[in-house]
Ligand SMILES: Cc1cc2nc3c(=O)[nH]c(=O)nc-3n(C[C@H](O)[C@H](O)[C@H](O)COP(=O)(O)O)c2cc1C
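Here's a solo chain for you in structure tokens, the form predicted alone.
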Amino acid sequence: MSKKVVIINAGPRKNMNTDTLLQYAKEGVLESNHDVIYYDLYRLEKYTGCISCFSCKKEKLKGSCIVKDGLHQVLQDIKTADGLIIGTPNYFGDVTSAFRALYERLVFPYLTYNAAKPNCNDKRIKVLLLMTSNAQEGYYASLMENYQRVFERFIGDTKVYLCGNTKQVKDYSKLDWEWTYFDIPEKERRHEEVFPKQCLEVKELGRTLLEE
């Protein structure tokens, strides 16, 4: 039976690291004969993070964000999905602002502030969080573990995949000045030799996302 996976690109650049990994994840999901809905957060109509209106704490609205902006349909599709894949590049040691806005709007409505039942989400789904970064893979592991814990608490079983030491631009030779922080030849080598293998690993994670 076909199921549905929502894939969300929380990075702004098409055909770069995050988007490329997510396209491979999409291929994997489709190989498992599941349906995919793909969103680019930076190409949606205007939206914001949580505005703290607390409407989602009312009994008839609990678990739902009432704000009708660019994220509304995304959140609706996640509610009816069986799986969720979100990718983000690392910006200044954290996720992008687009990821953070989605994160607030997705998770906060499920928080009840009730000790007996702190989470009102009764539909658990499988989650895969991807992060790309120009730092090494392990550098932001603890950061993503924090997000993983929250997703596991409120959304469902969550895996994290870190893709580090990525290229930031397609052609370093066209820069106006030399970026001496980085070993550019090593980044080029890694992009040619390692990144394709990581793409295939993410494809496999997409293919097996909904397996028991």
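Since the model is a prediction, treat every value here as computed from it, not as a measurement. Don't overthink the numbering: it's just position in the shown sequence, from 1.
Only in words, not in the display: the form predicted in complex with the ligand, which the text now covers.
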Query raised in the report: Taking heavy atoms only, is R190 within 4.5 angstroms of the ligand in the predicted bound form?
Result: no
Query - Exercise: G83 in contact with the ligand in the predicted bound form, heavy atom 4.5 Å - result: no
Requested in this report: State yes or no: in the predicted bound form, is some non-hydrogen atom of P109 no more than 4.5 angstroms from a non-hydrogen atom of the ligand?
Outcome: no
Report task. Tell me, yes or no, whether N121 is in contact with the ligand in the predicted bound form, where a contact means a heavy atom of each within 4.5 Å. Result -> no
Requested in this report: Report yes if all three of L129, T158 and G206 come within 4.5 Å of the ligand in the predicted bound form by some heavy atom, otherwise no.
Outcome: no
Requested in this report: Name the stretch, out of 101-109, 121-129, 84-92, 71-79, where some heavy atom lies within 4.5 Å of the ligand in the predicted bound form.
Outcome: 84-92
Requested in this report: Scan 118-140 and write down, in order along the chain, each residue with a heavy atom lying within 4.5 Å of the ligand in the predicted bound form.
Outcome: T132, S133, N134, A135, Y140
